[in-house]
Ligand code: BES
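The chain below stands alone and is given as structure tokens, in the form predicted on its own.
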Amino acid sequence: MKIQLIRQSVDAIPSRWIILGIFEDESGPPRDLAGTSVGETVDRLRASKDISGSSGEVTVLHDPVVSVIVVGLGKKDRLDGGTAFYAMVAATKRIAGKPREDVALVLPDVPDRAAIAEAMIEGAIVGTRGPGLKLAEPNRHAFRSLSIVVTSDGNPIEIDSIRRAEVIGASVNLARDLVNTPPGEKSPARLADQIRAVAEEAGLSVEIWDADRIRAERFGGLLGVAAGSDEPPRFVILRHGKGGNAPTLALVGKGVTFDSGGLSLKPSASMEDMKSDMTGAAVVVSTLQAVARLGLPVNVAGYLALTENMTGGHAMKLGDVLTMRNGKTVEVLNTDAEGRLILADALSYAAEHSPARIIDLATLTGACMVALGPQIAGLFGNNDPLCEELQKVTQRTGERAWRMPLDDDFKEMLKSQVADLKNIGGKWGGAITAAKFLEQFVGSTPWAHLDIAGPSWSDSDQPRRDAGGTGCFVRTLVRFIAQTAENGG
């Protein structure tokens, strides 16, 4: 999709399709439509309350010459990156079912117009990409071109902003595509090869370990989880080193390409979306792709632990004791609590390389969804400034995260009679005890953990997001890293 910036009045836009936002707390037609037949229609529909301007509301108005997609942006003083992004997802989903030549997006006249423009462009790119990777005929089509229209003076929009949004939107879709790929087509080895191709094209350095190297590196958790599968594990290291002597940020992603639960077998219905259990890894590679394509002057390393969790004859058993990379021993009392085992090795290895900070992402616990629902991630960490900085960025992007406790008394629930730790903490506070487990493998490094079990996946198609993988937190992490670059690392 070619994206271009133009400055002209609405009545001079050559596009057959125009997307235009309206606000809930403004009356009459938008200023850009004043005096036009479409403007009169909008005014009439507002008066009859058939259009409210509420966030994400989409109405298509047809004129003999042009069709206008009127999308609600909510209250003007509350417009932020999240509202703008999801409004555009809803608007573009509405018309992307057929190929469209040129679509124009009229930017709202708001104080932070550049940031809102970026969010809207990202939403447009995401909205034109559906989850149907295996459909015989595609049911979603990217526009041939998207014209970003500025109709009034105000905060300028730079070409760099459009380019940044284009890169980030494409990276969100990469994460979604990796998650939506059927599990039979993304064994750990095949997924690692896909990641290598993405990394090399973006200019990232990439290193992939096979099972022998993983064994030599003492990744007991990753090997234990992989033991039940005929597909050997992989460990992937990605590096972007454009920050000179600046400190390194480490990103760690859980990459379980299919999770049966192991011998603690999941019910069949609970396995239906388990191709998504590698979302953390997908988000990390997609974030690094965007960072590399944008040429951000930072040092970032990505660590991806890839495996299946299956039930073969060599599968780890309840009561087994695994030795992690950092030497800690773990008694396995539930083989479906496998993500923390592979992350323990990855976090230990990342911490050994003395990064300034570590952020991990994992579809780790159903307990987090019980606590926060399906659209909010749990945010845990051992460093308040890091967690606060990360949460502030999520508020700007609209990707929701909620800080959760990580008190020391939760470690008591992880004590084992036969090993240093056990891999489950009991009936209560499951998301917290899982995070507390991970904390044992980062040492003193400032660390934040995002449990993305809820927002990583949508069970059903909704106006503002598709069924399947969501690509959550790519937008947040790229902006977090860009902010880090602006602050000198």
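A residue's number is simply how far along the shown sequence it sits, counting from 1. Quick caveat: nothing in here was measured; it's all calculated off a predicted structure.
A second form of this protein, the form predicted together with this ligand, is not displayed here; the remarks below concern that form.
Heavy atoms within 4.5 Å of this ligand in the model of the complex are found in one stretch of 367-375, 210-218, 91-99, 75-83, which is 367-375. With the partner omitted here, the residue from His240, Arg234, Lys254, Arg129 that has a non-hydrogen atom within 4.5 angstroms of this ligand in the model of the complex is Lys254. Put simply, of Glu118, Asp345, Asp259, Glu399 only one has a heavy atom within 4.5 Å of this ligand in the model of the complex, and it is Asp259. Among residues of the shown chain, Lys328 is not one whose heavy atoms approach this ligand to within 4.5 Å in the model of the complex. This ligand in the model of the complex is approached by Arg340, whose closest heavy atom lies within 4.5 angstroms of it.
In the model of the complex, at least one heavy atom of Ile424 sits within 4.5 Å of this ligand. Using a 4.5 angstroms threshold between heavy atoms, Leu438 stays clear of this ligand in the model of the complex.
Annotation: in the model of the complex, residues Lys266, Asn334 and Thr363 each come within 4.5 Å of this ligand through at least one heavy atom.
Contacts between 448-479 and this ligand, taken as any heavy atom within 4.5 Å in the model of the complex, involve only Ala453.
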